[in-house]
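First structure 1, then structure 2: two forms of the same chain, each alone, as structure tokens.
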Structure 1
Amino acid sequence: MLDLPLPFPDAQGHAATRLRVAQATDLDRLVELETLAFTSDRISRRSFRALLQSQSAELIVAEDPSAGDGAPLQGYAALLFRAGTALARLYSIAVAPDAVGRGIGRRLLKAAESDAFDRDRIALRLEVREDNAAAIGLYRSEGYRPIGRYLDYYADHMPALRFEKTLRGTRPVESGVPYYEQTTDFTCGSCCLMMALARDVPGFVLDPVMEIRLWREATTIFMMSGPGGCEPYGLAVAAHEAGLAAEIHVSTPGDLFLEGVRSAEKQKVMGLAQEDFRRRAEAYGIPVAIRPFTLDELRAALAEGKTAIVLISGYHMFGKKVPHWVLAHADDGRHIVIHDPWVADERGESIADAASLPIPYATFDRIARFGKVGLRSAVFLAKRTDS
């Protein structure tokens, strides 16, 4: 579809429009178009430059091929592709005021879908102002379905509506697990636990106070060099005490996450905290499997309606070599569907980039491990049947 102009002028006599992938030389024209198309919430020059250079983004531009180099652009569509996932997001789409009404926005949208499909993405998501009736009408007419609403999303406090279109296969599985974004750099584990609790424990409330409380209850905390993170035994104990049935899977016995800790004192404190979690897990009768969980075991658990807090390497998701917890909550037959509590705001991400992410089986199996030893761990969670 890209780099091909319409063969004839449109019904109003306007010149043909060509769509192509944006180049670095389009930067000035993209900024000019953004200024004309929007009065607020504009993408900055710096952000456009980052999008043009990013391997996880694509900019498609619309132009009049007869206008010559340097002529104003007629429109653009910006796509984001989160690494390791089968999801794409339409970050922004714009049409020049003098080109509105010529179908350019619809062509850009279809080109974005085609690009996402070619990259083996199964769905395309987007956000739109709640008062933008024309854009909402376009998305609905192209088969997009509403999947959520953000309050106070834009600079003028206007809410945003979230839409999604399935590009291949059937609709993603609906597990009923709500999404919650972590509010700190270190509470991914407790946020995953919160999301599981919100579905399976009546009356549970998602809020930052509970986020910190569960983190405190599940972490190998050591404050001298910053807050610590959650570990599997602590998460399982916290889950049990909050009303869920838990099952621990860990590939290595004994203390975890100590290989990068240089301070002997810190290692000692973390080891004692983990020993306390292990003793409490044993006292509660929480099952423990000292071996790597398999993809088949995870899929079987999801098929039974369970969720799983799974350890992954943050490097594969957001480029940082840190342990990171995500919540696996569904399986669509090709992908493990996760909620990732981390939203990379600095890269222009929103919740649409982190909630219900479809991860191809092979990719998930590869990233579900951490460190030089390839630590593999998960906490399977289910509704309690003894209460």
Structure 2
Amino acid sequence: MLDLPLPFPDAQGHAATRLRVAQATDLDRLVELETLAFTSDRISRRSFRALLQSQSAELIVAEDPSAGDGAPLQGYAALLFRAGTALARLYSIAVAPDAVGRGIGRRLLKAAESDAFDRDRIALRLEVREDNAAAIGLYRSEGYRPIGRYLDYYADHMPALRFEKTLRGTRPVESGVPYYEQTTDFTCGSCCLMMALARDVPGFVLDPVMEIRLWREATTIFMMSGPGGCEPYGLAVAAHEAGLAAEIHVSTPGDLFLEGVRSAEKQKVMGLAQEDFRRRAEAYGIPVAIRPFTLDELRAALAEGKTAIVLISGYHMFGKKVPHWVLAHADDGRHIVIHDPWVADERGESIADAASLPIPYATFDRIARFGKVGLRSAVFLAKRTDS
């Protein structure tokens, strides 16, 4: 797993440090280190044993490679991987008091991130005592963002701060598609289209005026509440008119997104708007595949340099049961790389958390559907050769 360099002894004459996965024989030394590093809420011997044996946990240890077999450990990091989620949790991290302040904590943290990324996790979360300045300093300096606070979390009633970091691996993919953050709740679809247009149509300018114009061109007018979002035929028609070649993939024929809309009048208007889009898509000769697109089809499109506006479950992305569009624009061999136009400011996210997000194939496949019926839809976009 961790193939980190072995520098040192450093200028101060400190011992070298090597990181490796913990083994059963490290149990005593882990317990010893835990006693030295923490005064309360320690991980018990029994828990360490369980962590060492668990398939859904990983322990990384730091040691001096020149010290003998029984020498004390310099530090450890414990990770938990919950089945069925795309998250990993840093359960604990500690450095021996005589080894702190030499960068070992940072190396353990980076190794934990790289392990979590290799296990197809998209984010690492952790909790830390509110009064633990050293650990909080480390997390902040490594780009973790605060996502909440648990009151009365530790044995002495101290609250815990919760932090999260989006994982991206070490080889970011560059597809040349610029990122644009949506400026309203309902314009995710038009923002995805804008990003695709900005790469593939010379002179195209991304701005809020265009965001609203494209939304007006592709919206179903109403949705469950508030203004309507975009639908695939509308997005494809707007893309075609703006100069791209579009291809519609939708798992069911007919009107979409009507479930959950109570008013018969709204349903009627939505139906008419969609009928109009379908007729115009047909008139433009836009290909339509009425079946769920597969991951392989999406990957093949990306390999040809296309982009794809993909419908995903807002619930999986940010916890709200609304349809949401993201732009898939690259494939790194294990992940579909997306621009998510939605930046969750209330969760402390920045553009860095939403642009070029690598989503593991299996996770992407799971979240690329919406609602009880599992509606699956995408609009594949390419440069037009006929214009």
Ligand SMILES: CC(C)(COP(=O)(O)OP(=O)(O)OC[C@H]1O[C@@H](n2cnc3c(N)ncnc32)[C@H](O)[C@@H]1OP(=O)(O)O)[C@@H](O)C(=O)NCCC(=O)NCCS
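Definition used throughout: the rigid core is the maximal C-alpha set that superposes within 1.5 Å between two forms. For numbering, take structure 1's sequence and count from 1. This is a predicted model, so every value here is computed, not measured.
Practice problem: Of these two copies of the chain, point out the form predicted alone. | Solution: Only structure 1 fits here, because that chain is the form predicted alone.
Self-check item: Leu126 C-alpha moves between structures 1 and 2 by 2 Å or more, core aligned
Solution: Leu126 C-alpha, core-superposed: shift of 2 Å or more.
Quiz item: Can we say the CA of Phe38 moves by at least 2 Å between structures 1 and 2 when the core is superposed?
Solution: Yes, shifts by 2 Å or more.
Quiz item: Relative to the superposed rigid core, does the CA atom of Ile367 travel 2 Å or more between structures 1 and 2?
Solution: Not so; Ile367 is displaced by less than 2 Å.
Self-check item: Value in Å for the CA shift of Arg102 between structures 1 and 2, taken after the core is superposed
Solution: Rounded to one decimal, the shift is 7.5 Å.
Exercise. Just grab the Cα shift of Thr25 between structures 1 and 2 for me, core aligned, in angstrom.
Key: Shift of Thr25 at C-alpha, rigid core superposed: 32.3 Å.
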